[in-house]
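Below sits a lone chain in structure tokens, taken as the form predicted on its own.
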């Protein structure tokens, strides 16, 4: 298997990979809090942000967030695959975690698939869980197959990013969970949904099930999907290059943002460091489109770098971690690996790691096939013919281009509902969007 090496000199710093550097941590925490702050209220569509980058980063103002009704506390569950070997450094993640919210008595069940790098209990996932539970569904929330925990505990091939393999893994896990839930509560019928990359997975899972018939999904709802995984992530990666930043480096740009946030924090009259304060801070700090694109790109890159590190260690591929560095222990400095992983674009990962790995499994695999099979073009006929697959999104989604929008309109026709504003998942918690989402599922 000819995987290129990205070995480097390991220096000091006793930090764990997931908490790699202060910069990365700060931005990650900020994004986790802010990218998921959404809102809603009325019946008319008056989503406040017309700039797609602002919409993607700001979400929806807290006082406008849709309130699904009485809150439910999802139950944390886990699956352990007997005999699966997990590297010692990931021993804390040997179980695949997911969450459920089950009704008392018979109800339809909906699986929710998280977006890139997101966990089953991420803020957007918790929101969707509350929405669909409030609408009368049993809910099962699953992490993205690109999340570290899924890679470590459940991925058969261990190299996420190739959609057919990721869908294989999700489908297998969903069958196990189906048995667990049906033993506890009666299920009347099955549904599936997901947002962002999870929406693409939902469509492929519906297609897979149309061949296997294990679930017989009544409806598959795609929320803000990419059309081509490769083209969308290439766009996100470009925002961390000179194309967006000019002569400024990514780290310099992040440092500038942190300085501005620090100034605001220092001068603010803080009563509670809650979502409202974080939302207020991000929306009041003066950020232009370059700043906003950088934040979106960094959010994606953080997810991708965690995925790449987990993949490399699980497969012992020698891409990031040289063979001489094994065994990795909990006391070993991991920051150098984190920083090296952060510098890898998805295209680099695809060309240097994923494609050689797939060619090792199947010598006939080529770059075009990888890209094609990780796009909705690969199941275009199914999507055109199946009226059970519906789509909701925005025409100003920052991960889509004109060709993607033309594909969505031509393939889905009236089964697609596109709002003029909202960016990428920015209006996902906004009232009219949520109401339309529920109406499309219950058609």
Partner chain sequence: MACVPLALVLVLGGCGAAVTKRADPALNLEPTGFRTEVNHWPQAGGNDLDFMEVYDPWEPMNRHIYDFNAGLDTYVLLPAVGVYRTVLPAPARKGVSNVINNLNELPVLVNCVLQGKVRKGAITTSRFLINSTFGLLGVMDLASDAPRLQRQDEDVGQTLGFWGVGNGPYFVMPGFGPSNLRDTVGFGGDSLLLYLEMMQVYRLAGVRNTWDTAVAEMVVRTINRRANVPFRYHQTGSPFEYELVRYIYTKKRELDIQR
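Residue numbers count along the first chain shown, from 1. The model shown is predicted, which means the values in this text are computed figures rather than measured ones.
One more form of this protein exists, namely the form predicted together with its partner chain; it is left out here, but the text below deals with it.
Is it true that 172, 318 and 343 each have at least one non-hydrogen atom within 4.5 Å of its partner chain in the predicted complex?
The answer is yes; 172, 318 and 343 each reach its partner chain.
With the partner removed from view, which of 147 to 155, 286 to 294, 221 to 229, 134 to 142 is the stretch that lies within 4.5 Å of its partner chain in the predicted complex, judged by heavy atom distances?
It is the stretch 147 to 155.
Under a 4.5 angstroms heavy atom criterion, identify the one residue in 262, 241, 188, 369 near its partner chain in the predicted complex.
Partner contact (heavy atom, 4.5 Å) among the options: 262.
Do residue 116 and its partner chain come within 4.5 Å of each other in the predicted complex, heavy atoms counted?
No.
Are any of the heavy atoms in residue 207 no more than 4.5 Å from a heavy atom of its partner chain in the predicted complex?
It does not: once its partner chain is placed as it appears in the predicted complex, residue 207 has no heavy atom within 4.5 Å of it.
Indicate whether its partner chain has at least one heavy atom within 4.5 Å of a heavy atom of residue 237 in the predicted complex.
Judged by the heavy-atom cut-off of 4.5 Å, residue 237 is well away from its partner chain in the predicted complex.
Though only this chain appears here, would residue 74 touch its partner chain in the predicted complex if you measure heavy atom gaps against 4.5 Å?
No, residue 74 sits far enough from its partner chain in the predicted complex that none of its heavy atoms falls within 4.5 Å.
Output the sequence-ordered list of residues from 323 to 343 with at least one heavy atom within 4.5 Å of its partner chain in the predicted complex.
323, 330, 331, 332, 333, 334, 335, 336, 337, 338, 339, 340, 342, 343 sit within 4.5 Å of the partner.
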